[in-house]
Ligand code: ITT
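Below you'll find only one chain, the form predicted alone, shown as structure tokens.
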């Protein structure tokens, strides 16, 4: 059992993923199964609450969601907060990625707004960007047990490419593959995505008892 801050942690047989996002569940589930950990989303789970993302960073929001949901459902919860940081927009949309286009935001509207704002930027500033993810696991009493993060660099396309994934995936080009996340299959994303990298780091910590 991994040790964290002097205490031993017994890995739970099931982790509740602190999300109702089906896309995130599809990405995270196969990455946790090698550890023998089942996972489920918040859908239909009694006691689940809506957590207000008041943090100024992805790390703060991930910890808020993990801790508050764990207490609410009395289970171990893995929560993550992630988003897109565009260099030419000084890191926007950042923590507002999911709600970039305002109340009632959708992936379509968010992508449209991103393209619109980049079109107004001096092309010399480039279209570099990064997807970033921070994860936190909380015990049923709300204590944060483990945190991890991951990042994937890319470039924002001038128009949507591909229909896979969710969020800004149709616009996020991974230069090494000359394709967007919307074009790449789930098997590739399971290796190179920001979320996959964060989860691999988290799994390493859980397996080896190493903490940062």
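None of the values given here were measured: they were computed from a predicted structure. Positions refer to the first chain, counted from 1.
There is another form of this protein, the form predicted in complex with this ligand, and it is not shown here; the text below is about that form.
TODO: May I ask you to choose, among 29, 43, 143, 53, the residue with a heavy atom within 4.5 Å of this ligand in the predicted bound form?
DONE: Looking at 29, 43, 143, 53 one by one, just 53 meets the 4.5 Å heavy-atom criterion.
Open item on the list: Does any part of residue 20 reach within 4.5 Å of this ligand in the predicted bound form? Heavy atoms only, please.
Closed with: Although this ligand is absent here, residue 20 would touch it in the predicted bound form, with heavy atoms inside 4.5 Å.
Open item on the list: Can you tell me whether residue 167 touches this ligand? I mean in the predicted bound form, with a 4.5 angstroms heavy atom cut-off.
Closed with: Yes.
Open item on the list: Can you tell me whether residue 97 touches this ligand? I mean in the predicted bound form, with a 4.5 angstroms heavy atom cut-off.
Closed with: It does: once this ligand is placed as it appears in the predicted bound form, residue 97 has a heavy atom within 4.5 Å of it.
TODO: Flag residue 197 as yes or no: does it have a non-hydrogen atom within 4.5 angstroms of any non-hydrogen atom of this ligand in the predicted bound form?
DONE: Residue-level check for residue 197: no, no contact with this ligand.
Task: Contacts with this ligand in the predicted bound form, stretch 58 to 88 (heavy atom within 4.5 Å) - done: The stretch touches the partner through 65, 80, 81, 82, 83.
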